[in-house]
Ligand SMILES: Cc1cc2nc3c(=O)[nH]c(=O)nc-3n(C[C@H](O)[C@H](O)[C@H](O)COP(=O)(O)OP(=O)(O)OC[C@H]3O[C@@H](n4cnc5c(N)ncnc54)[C@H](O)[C@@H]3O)c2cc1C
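Below you'll find only one chain, the form predicted on its own, shown as structure tokens.
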């Protein structure tokens, strides 16, 4: 783990523990996950057992009660190992939704399983044709005698094939305003009418199950409305987006560190025209540029992590972090792949996986075009 002002001895110890776990459990599994199109359930339970899943969860439910910077350590370390399969980020988002907005009964019901890894969650926001426009969603949750009758479909849902608990964004009213949106927690094992579509084929993130989800007359108990009051979903989503967008930046940071490290190994080992690739001025200059971009990004992300722990990361700064870091990630990984030459285009080389996985960072969590719009709005006088 690198040095930063927000890192304490406890963070360092946590990083060392997660590092050992990833070396023992994650590295040997990455190829298999990409072949199978999903992560093993046992890995989730193992991650829960050593405290990775509940680092920032309340102590009374089995968590460690630490600030979100501990989750930042996990996000960074995972990507520093070159992995994009394990859906920790989505799990972390759902856990925070439940911890912050759930009723006492809901937190007692779901947090222990989320912390242990027995419950794998997903967030179902995106629908065909809606993209980043959450106000345009068509999935409905209509009040009925047994709770809510849910109808609709979602797509591009990470952890979709494995999810035991789906945080579903749905309309509970039809007023035409954001206040008609609610978050409904769907327990998939008991949800008649719920079905998973295919595990979607993507150009990258091959080890992460990404699915279509369908809700056909699904009855969900009224007790599964997050927070117990309808119409608060849009506010709940907006309040958590700063952390979600910063998470993209943290993942980008880890991926860039891994890209530069693996490229340095290659250019110092491989020779051409009787000298190392690293001895060519162009190679040295390209890596110098990449390292500088990375360190500028790291300084900004570190500032944002300090702000998230202090409760002061505003939406426009989070949008800047998401846009800048994902753009920089794509630039750095592309330059690194170029330095591998033809080998960089071969899937057996990790740099090729980094390249195809990086591209979606500019899309999910709100596209980078949306991020620029949010930043521009904050500049108006």
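Numbering follows the first chain given and starts at 1. None of the values given here were measured: they were computed from a predicted structure.
There is another form of the same protein, the form predicted together with the named molecule; it is not shown, and what comes next is about it.
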Within 4.5 Å of the named molecule in the model of the complex, all of 72, 76 and 305 (non-hydrogen atom)
no
Classify residue 111 as contacting or not contacting the named molecule in the model of the complex by the rule of any non-hydrogen atom within 4.5 angstroms, answering yes or no.
no
Does the named molecule get within 4.5 angstroms of any non-hydrogen atom of residue 364 in the model of the complex?
yes
Does any heavy atom of residue 156 come within 4.5 Å of a heavy atom of the named molecule in the model of the complex?
yes
Does any heavy atom of residue 358 come within 4.5 Å of a heavy atom of the named molecule in the model of the complex?
no
Taking 4.5 angstroms as the heavy atom distance cut-off, pick the stretch from 197-205, 223-231, 255-263, 184-192 that is near the named molecule in the model of the complex.
197-205
Among the candidate residues 124, 170, 163, 248, which is the single one with a non-hydrogen atom no more than 4.5 Å from the named molecule in the model of the complex?
124
The named molecule in the model of the complex has a heavy atom of only one listed residue within 4.5 Å, and of 140, 236, 130, 116 that residue is 130
Which residues in 309-331 have a heavy atom within 4.5 Å of the named molecule in the model of the complex?
none
